[in-house]
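Below sits a lone chain in structure tokens, taken as the form predicted alone.
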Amino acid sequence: MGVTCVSQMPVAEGKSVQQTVELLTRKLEVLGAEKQGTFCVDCETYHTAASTLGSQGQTGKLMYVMHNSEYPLSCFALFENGPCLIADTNFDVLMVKLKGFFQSAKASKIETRGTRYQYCDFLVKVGTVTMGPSARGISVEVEYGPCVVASDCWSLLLEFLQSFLGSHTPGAPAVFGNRHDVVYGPADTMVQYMELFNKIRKQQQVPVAGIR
């Protein structure tokens, strides 16, 4: 894999989530991007079981168990502001056995699904973010395949993002700052998705700037 940027796209003014996704994918197809199947990234939140907390007022930790269709044999476990564990898919079974220590938060599952597009050396994934039956937002992932060091290709990634996101082009992901000259890996992408999902969870139903 190459270096990846994950961001949120606001819903276009007067449009639904699905209509905005269609606008984006149409822009990609006009550029010459070709469909390359579908993708899915999901995340379930676990919190520290009350029985494991010591003194009163002690706050528990959150752990996010995530899957990415690009890595079908792997499961990612991320702690907030902490490490990322990459395990095989049996980790989900292990979490059931660890229910005395970590409990699944109710109605916490969030996922993004959509279409993959290939454009030259770029792999683009535009997805609809859902919680339960409701569409909550739009995710855009862009990967530049030939490079594995963020500092060597961010300007190229940024230029491509601007070509179809316009004024909604994101800044450099926070994870780049931590690993600017280090080889980029799948865990870095999952950290970006965790941050995106948490941002969408916290967002209220307020007006957003539309796409002009």
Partner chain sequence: MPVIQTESEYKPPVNGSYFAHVNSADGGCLLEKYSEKRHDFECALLANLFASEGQPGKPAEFSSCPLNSDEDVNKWLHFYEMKAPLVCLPVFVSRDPVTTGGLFVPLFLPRAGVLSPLADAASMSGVRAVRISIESACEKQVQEVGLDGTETYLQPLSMSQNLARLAQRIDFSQGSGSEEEEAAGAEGDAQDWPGAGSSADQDDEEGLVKFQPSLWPWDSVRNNLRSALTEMCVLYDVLSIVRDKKFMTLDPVSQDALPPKQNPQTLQLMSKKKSLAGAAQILLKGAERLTKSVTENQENKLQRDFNSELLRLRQHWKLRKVGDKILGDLSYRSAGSLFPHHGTFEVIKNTDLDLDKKIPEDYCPLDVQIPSDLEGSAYIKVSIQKQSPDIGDLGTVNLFKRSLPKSKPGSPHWQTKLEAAQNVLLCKEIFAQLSREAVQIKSQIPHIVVKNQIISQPFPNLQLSISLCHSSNDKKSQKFATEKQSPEDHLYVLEHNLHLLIREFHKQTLSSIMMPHPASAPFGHKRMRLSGPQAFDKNEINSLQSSEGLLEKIIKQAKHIFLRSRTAATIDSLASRIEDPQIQAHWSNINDVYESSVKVLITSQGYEQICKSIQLQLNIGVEQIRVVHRDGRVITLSYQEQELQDFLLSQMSQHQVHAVQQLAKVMGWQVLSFSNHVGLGPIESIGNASAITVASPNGDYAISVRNGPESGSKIMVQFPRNQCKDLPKSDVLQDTKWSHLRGPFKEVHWNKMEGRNFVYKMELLMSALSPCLL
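Residue numbers count along the first chain shown, from 1. Model, not experiment: these values are computed from the prediction.
There is also a form predicted in complex with its partner chain; it is not shown, and the following applies to it.
**OP:** Consider residue 122 of the chain shown here, and say whether it contacts its partner chain in the model of the complex, taking contact as heavy atoms within 4.5 Å.
**Re:** Taking the distances in the model of the complex, the answer for residue 122 is no, it never comes within 4.5 Å of its partner chain.
**OP:** May I ask you to state whether residue 133 is within 4.5 Å of its partner chain in the model of the complex, using heavy atom distances?
**Re:** Heavy-atom contact with its partner chain at 4.5 Å: absent for residue 133.
Original post:
Does its partner chain get within 4.5 angstroms of any non-hydrogen atom of residue 145 in the model of the complex?
Top reply: It does not: once its partner chain is placed as it appears in the model of the complex, residue 145 has no heavy atom within 4.5 Å of it.
Original post:
Does residue 74 make contact with its partner chain in the model of the complex, using a 4.5 Å heavy atom cut-off?
Top reply: Looking in the model of the complex, residue contacts with its partner chain include residue 74, since a heavy atom lies within 4.5 Å.
Subject >> Full three-residue contact with its partner chain in the model of the complex, heavy atom 4.5 Å, for 32, 158 and 163 >> reply: No residue of the spot touches its partner chain in the model of the complex.
**OP:** Could you tell me which of 147 to 155, 22 to 30, 65 to 73, 163 to 171 sits within 4.5 Å of its partner chain in the model of the complex, going by non-hydrogen atoms?
**Re:** Looking at the other structure, the answer is 65 to 73.
Original post:
From first to last in sequence, which residues of 73 to 106 have any non-hydrogen atom within 4.5 angstroms of its partner chain in the model of the complex?
Top reply: Heavy-atom contacts to its partner chain in the model of the complex: 73, 74, 76, 86, 87, 88, 90.
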